[in-house]
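Take a look at this one chain, the form predicted on its own, written out in structure tokens.
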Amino acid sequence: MFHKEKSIQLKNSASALYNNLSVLRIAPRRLTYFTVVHANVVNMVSTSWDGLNYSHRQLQSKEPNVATSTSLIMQAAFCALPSRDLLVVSSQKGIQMYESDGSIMVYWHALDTPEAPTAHAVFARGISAVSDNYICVGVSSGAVLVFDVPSKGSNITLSEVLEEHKEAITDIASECSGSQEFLANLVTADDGGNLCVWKSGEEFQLLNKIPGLDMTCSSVKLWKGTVLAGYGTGQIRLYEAVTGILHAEVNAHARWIYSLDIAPFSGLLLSAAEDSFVRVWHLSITPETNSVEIAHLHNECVTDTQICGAKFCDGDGYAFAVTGYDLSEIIRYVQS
């Protein structure tokens, strides 16, 4: 169903972080941007669709009044809003927002770091655009910061702080089907596996809390009113977002899941884990009974590799890309 294409070389290898790959298609320019985090650097690669041209850029972790920051980056993710695309980088010191090509930093938000050292690490992790003008970023305290982003310029403001989680945020996702009919349009996940389901707006509204089972939910997606959650147990669970009803539970991987992704137009789901497997699943929703079914379609094994990022390269799931710990390349697969 899928076959391996030519890999994209990176300047540095990928760190062992959840969801350590982000992809942005720039259709008018026939380009795709990829970002992968290595320690305190974001590796960016821009590739032309014909595969002939590559350009590389590296973004350093930044903090005000410091020439070079050693602060570790936890995640880099593209946020596509209707009016603009931004690259958001979260680290131990704060949150940086760049133009999508990484050329200009438009915003910096410092995290509150305690004066005295504490037992708890401070960092930001979990990034998602939601609705027309918001970007949400999770923090190690369990808070979710909501930024209001104007259609242009750098007048980005912190508009709200959602304080529902008690453990560090792991991942955040918004409704990706493009449909406005679903009440819930944001889901947040934490280290204890707890999920919070939200409706965005002037004030974000908590619609539901799905309790965790003391096992980290490392990656989460929201599609057609269904929460897709990947766990440290190697399981994938499908919940109805607003009611919390469990539709399906799959023992998908032998080890910790690091990344989930969905191709919203085709209902293909990608899961990747420490067990070196990337699996492709198909989701189907029966509207009459409101039931969701999941079927296994395809496997790829990246031998001896702890996979830490996997993303579809397009909304139909025609191609996907994979990163692995200590691997200095992005491996690509395309439908046969």
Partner chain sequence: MSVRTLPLVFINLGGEMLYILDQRLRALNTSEDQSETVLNDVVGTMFSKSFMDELLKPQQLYSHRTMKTVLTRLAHSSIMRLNPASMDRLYELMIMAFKYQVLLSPRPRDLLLISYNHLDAARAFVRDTPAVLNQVDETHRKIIEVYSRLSDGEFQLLRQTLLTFLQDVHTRVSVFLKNQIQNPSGRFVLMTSGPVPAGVDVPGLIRTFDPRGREVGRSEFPPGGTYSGSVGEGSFELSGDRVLRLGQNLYQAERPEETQTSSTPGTQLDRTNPLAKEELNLLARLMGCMKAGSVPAAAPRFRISLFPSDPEEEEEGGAPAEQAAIFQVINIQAVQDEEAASALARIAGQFTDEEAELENPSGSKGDDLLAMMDDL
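Numbering follows the first chain given and starts at 1. These numbers were taken from a predicted model, which means no experiment stands behind them.
Omitted here: the form predicted together with the partner chain. The next part is about that form.
- Screening 127 to 135, 97 to 105, 180 to 188, 233 to 241 for residues having heavy atoms within 4.5 Å of the partner chain in the model of the complex returns a single hit, 233 to 241.
- Contact between Trp198 and the partner chain in the model of the complex is not found at the 4.5 Å heavy atom cutoff.
- Residue contact check for Cys313: none of its heavy atoms lie within 4.5 Å of the partner chain in the model of the complex.
- Ser46 falls outside the set of residues with a heavy atom inside 4.5 Å of the partner chain in the model of the complex.
- Put simply, Asn53 is far from the partner chain in the model of the complex: not one heavy atom of it is within 4.5 Å.
- Interface residue among Leu81, Leu207, Ile245, Cys176, judged by heavy atoms within 4.5 Å of the partner chain in the model of the complex: Ile245.
- Annotation for 298 to 312: interface residues with the partner chain in the model of the complex are Asn299, Cys301, Asp304, Thr305, Gln306 [heavy atom within 4.5 Å].
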